[in-house]
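Single chain ahead, by itself, as structure tokens, in the form predicted alone.
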């Protein structure tokens, strides 16, 4: 097997894998999507929500915000990381947009991968009560709980936004069984893209080694 990197930047990489069969590259693709662990918001406790979004809509948006950690290997599936959010619309008539950067993490090593993800729009409107004009303000107060998970359980735990491959044409004109494939992988920002690829390969290796050991045990080898 031969691997050649063609293009690389912070969250995207393109590389060519040759000397392998299609089932191998498809297994690698599936491992990157479904097996590489990442943190994501899994539970939301909403204490106040007078915005135009239902609680369920607000929780769904929070769950899809990519979170990054200094070292993902420090966490396991039993850990729960708390992130809080308190926001209010302006004192005057108008609106404000609440962004992911306003989530406050109890763990300084965990934070939103992108600070500019919009969560909710809070609007202040004028209202009149008994002849007195006042400004009605919208508020959101909540606690979000992040946990480690894998994409096979829910899409919010998928660390990639793009993960595809295509077969390169055989320029020799032969019918070689060992073909070449170009991979394009894009991270959602929760993990470095190189780490996603190498972690997926490590997970595949460990599974193959476990399978071989189990077969040898059963056969008494």
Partner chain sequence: MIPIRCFTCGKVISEVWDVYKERIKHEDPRKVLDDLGITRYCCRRMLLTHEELIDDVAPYG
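Residue numbers count along the first chain shown, from 1. Note that this is a predicted model, so its numbers are computed, not measured.
Same protein, other form: the form predicted in complex with the partner chain, not shown, and the subject of what follows.
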| property | result |
| --- | --- |
| Contact assignment for the partner chain in the predicted complex, among 104, 145, 136, 117, heavy atom within 4.5 Å | 117 |
| Partner contact for residue 26 in the predicted complex: the partner chain, 4.5 angstroms, heavy atom | no |
| Proximity of residue 61 to the partner chain in the predicted complex, heavy atoms at 4.5 Å | yes |
| Close approach of residue 153 to the partner chain in the predicted complex, 4.5 Å, heavy atom | no |
| Any non-hydrogen atom of residue 66 within 4.5 angstroms of the partner chain in the predicted complex | yes |
| Option from 104-112, 119-127, 75-83, 145-153 whose residues, in the predicted complex, bring a heavy atom within 4.5 Å of the partner chain | 119-127 |
| Neighbours of the partner chain in the predicted complex among 23-62 [non-hydrogen atom within 4.5 angstroms] | 38, 52, 53, 61 |
